[in-house]
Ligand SMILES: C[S@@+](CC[C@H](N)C(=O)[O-])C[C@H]1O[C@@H](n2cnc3c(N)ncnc32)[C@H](O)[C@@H]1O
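Below, in structure tokens: the form predicted alone, a single chain.
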């Protein structure tokens, strides 16, 4: 990751993002389950369906964290291989432990990698997935360019990310939840309330569904669609190389 240091609320930098996720790695899964009321599982199922994988597909999972998306892909779609990547070693260590318990036909590989500067050959993957990671990249355009480079023609990039509810009253409630409840839950679990305040700020500053689609289009992707989940709390964007 590249980027200048800044203390601007919600602004991702290499130092800030690595520091946050290395500190909260051990409690990350618990936080996700509690803060989403378990809905995150259904969101991952939607992501796997959108990837439209086959038994011969090779999948790149970016910003994989503790490996929940990669394992959902393996268990639900059974592609040939899932390459699990993240740039935070502490998160990948947990993913590696989870991967040991996987029993199935999919090969699971783990590699530390920056989603903005991928160490993979051109046109080497059939699909790329990312859940709640694009928001934490200092340079989304670099990520989009790299993903497009490593995807085969016709390959899909599936992005699951927090987004903007379209119904104003629901959006207002959601923003109150982000501002007060998320930092409280995160602080109680990890003792690191400021990190979860950053996550709140980053969600509120992230592009809307149409804006993110426009960025993907500018990066050269086609057939861009999105699906709102839980009233737009999250959105699932699909783009074709």
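Numbering follows the first chain given and starts at 1. Everything numeric in this text was worked out from a predicted model, so none of it was measured.
Unshown form predicted in complex with the ligand; subsequent notes refer to it.
Colleague: Using a 4.5 Å heavy atom cut-off, which residue among 204, 193, 44, 58 comes into contact with the ligand in the predicted complex?
Modeller: Contact check passes for 44.
Colleague: Can you say which of 164-172, 101-109, 144-152, 83-91 gets within 4.5 Å of the ligand in the predicted complex, counting heavy atoms only?
Modeller: Flagged stretch: 83-91.
Colleague: Is residue 186 close to the ligand in the predicted complex, meaning a heavy atom pair under 4.5 Å apart or at it?
Modeller: No, residue 186 is distant from the partner.
Colleague: So in the predicted complex, is the ligand close enough to residue 21 to count as touching (4.5 Å, heavy atoms)?
Modeller: Answer yes; at least one heavy atom of residue 21 falls within 4.5 Å of the ligand in the predicted complex.
Colleague: Decide whether residue 63 counts as a contact residue for the ligand in the predicted complex under a heavy atom distance cut-off of 4.5 Å.
Modeller: Heavy-atom contact with the ligand at 4.5 Å: present for residue 63.
Colleague: Does any heavy atom of residue 120 come within 4.5 Å of a heavy atom of the ligand in the predicted complex?
Modeller: Residue-level check for residue 120: no, no contact with the ligand.
Colleague: At a 4.5 angstroms cut-off on non-hydrogen atoms, which residues of 224-241 are near the ligand in the predicted complex? List them in order.
Modeller: Counting only heavy atoms within 4.5 Å of the ligand in the predicted complex, no residue of 224-241 makes contact.
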